[in-house]
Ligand SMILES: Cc1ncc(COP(=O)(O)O)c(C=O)c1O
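One chain is shown next in C-alpha cells, namely the form predicted on its own.
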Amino acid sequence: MDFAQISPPKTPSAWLDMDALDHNIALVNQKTQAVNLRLATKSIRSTDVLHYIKANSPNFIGLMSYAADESVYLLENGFDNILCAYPTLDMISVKKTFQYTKQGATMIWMVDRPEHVDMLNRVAQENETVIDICLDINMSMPLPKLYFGTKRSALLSKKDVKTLLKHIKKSANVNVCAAMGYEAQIAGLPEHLPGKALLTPAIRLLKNRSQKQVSQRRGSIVNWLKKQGYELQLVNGGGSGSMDFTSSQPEITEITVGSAYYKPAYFDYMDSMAAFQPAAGFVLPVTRQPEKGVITCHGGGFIASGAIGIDKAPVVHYPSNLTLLNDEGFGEVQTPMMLSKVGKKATKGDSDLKIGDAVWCRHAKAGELCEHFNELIGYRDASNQVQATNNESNDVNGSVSTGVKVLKTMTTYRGEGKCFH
C-alpha cells in the first residue's frame, strides 16, 4: 500500500491494509492446508475481521477464545466451535454458554488442574448438563539452569496427565474430548531479538531441539490417551510462528493462527514470518515541530505486553526517515520523532514533515492494537483487481487519492463496547 497517497479520514486511528491481509490469509491457507484451522481471537479482537478471515479460509474449523465472557459474545455473534484457551474461574459466563451448547453448539474449556475440573463439574451438575474439556499439555522444554518455554500448564509429563485424569474420572459432568499442546517457544519466540544478535544461533539451536522433543512428547501423550479410550475430537497445537512444523505433525488435527494475519512488528524478528506482510497498525498526526529536524505526533503509547524491552515498542512504518528519541520513546499523549537526512537510500515520501501530516506506525503485538481503537479503517489499492466482499460494500468518508480506496471500517471489540480479560 502506498501510504504517501493516503490522507486518513481521522487521526489518530487504526489502519488495516486489506491487500496485505489477503496476502497473509493466502499464505496461512497454504501453510496449514494439511490440518484444520482455528483462529486465535486474542490476536484479532474484531468480529468483523474474524468473519472476513473465516469467509476466505477453506479449512476454518472454529475459534480459540481467550476469556469466558468473550466466548459468550462470540456465540451470540453467530460463531460456533469455540475452544477457550485458558482456564477460567468465571462460572457466570460458563453458565451463559449452556443455552447454546444445549442447542448443539460446541464449546470446549481448558483445564490443567483439579481445581479447574471441580468448578466446571459443579456448574454443569447444577445445570444438568455435561461440559466438554480440553487437556492443556505443557510443551515447554526444561533444561539444566534454563526453562525454554512458557510457565503455563501444570501438565508437563504423561505422569501429570494420568494424575489429572484419575481425578476427572470422579467428575460425572465433564467430558475429556480434546488435547492441546502449544509449543510457545517455537511459535512465538523471535530469533532476532533487537540488541541481542549474539543470541540468535542459540535460539535457533534451542528451537530445533525443542521441535524434536515436542514431536516425541505430544505424540506419545496423544497416542496414550487414545489407547485409554478417550475419543479426542481435536488435537490442537502451534501458532503463527510454527505453521510449517505443527501442520506436519501426525497427531495434530488442527492449528491455531492469529498474529500472522496482521503481522505485528514483533514478528519482524522471526525467521518463519519473513514472507508475511504488515497488515495493521495505527496512524498519528503531526501536531508540533519543537525544533528543526524534530516533529511531535499526538498520541502513541501502546507498549505491548511481555517482558519489557525495545521489541515491545511500536515501530514507525512510514515514512522511513523517522527515529524515536531514546529519552522519550512512544509517549502517553504525544510522541516526538527525529527526522533523519534524506539520502540515497531514501524511499518515496521521505522528506521533511509538516504539521498536519501523518505518521504510520505498527504495534508490536497483534490484537492489542484493537484495545486502543474503536475501529480498523480498511484500505485497498484501487488498482488491485480483487473481488470485494460484503465487508467492503460501503466507503467511509475521508480524503483519499484515486490510487487507494478507503473501505468500510471493521469494528473492534472496544468499538462494540466490549472489554474482555
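As the structure is a computational prediction, the values presented were derived from the model and not from experiment. Note that residue numbering follows the sequence shown and begins at 1.
This next part talks about the form predicted in complex with this ligand, which is not shown.
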### Message
Within 4.5 Å, heavy atoms only, which of 282, 267, 302, 109 is in contact with this ligand in the model of the complex?
### Response
267
### Summary
From 370, 40, 49, 358: within 4.5 Å of this ligand in the model of the complex by heavy atoms is 40
### Query
Does each of 85, 240 and 256 have at least one heavy atom within 4.5 Å of this ligand in the model of the complex?
yes
### Query
Are any of the heavy atoms in residue 64 no more than 4.5 Å from a heavy atom of this ligand in the model of the complex?
yes
### Task
Indicate whether this ligand has at least one heavy atom within 4.5 Å of a heavy atom of residue 180 in the model of the complex.
yes
### Query
Is there any non-hydrogen atom of residue 317 lying within 4.5 Å of this ligand in the model of the complex?
no
### Task
Examine residue 152 and determine whether its closest non-hydrogen atom to this ligand in the model of the complex is within 4.5 angstroms.
yes
### Task
Choose one stretch from 141-149, 256-264, 170-178, 157-165: the one whose residues place a heavy atom within 4.5 angstroms of this ligand in the model of the complex.
256-264
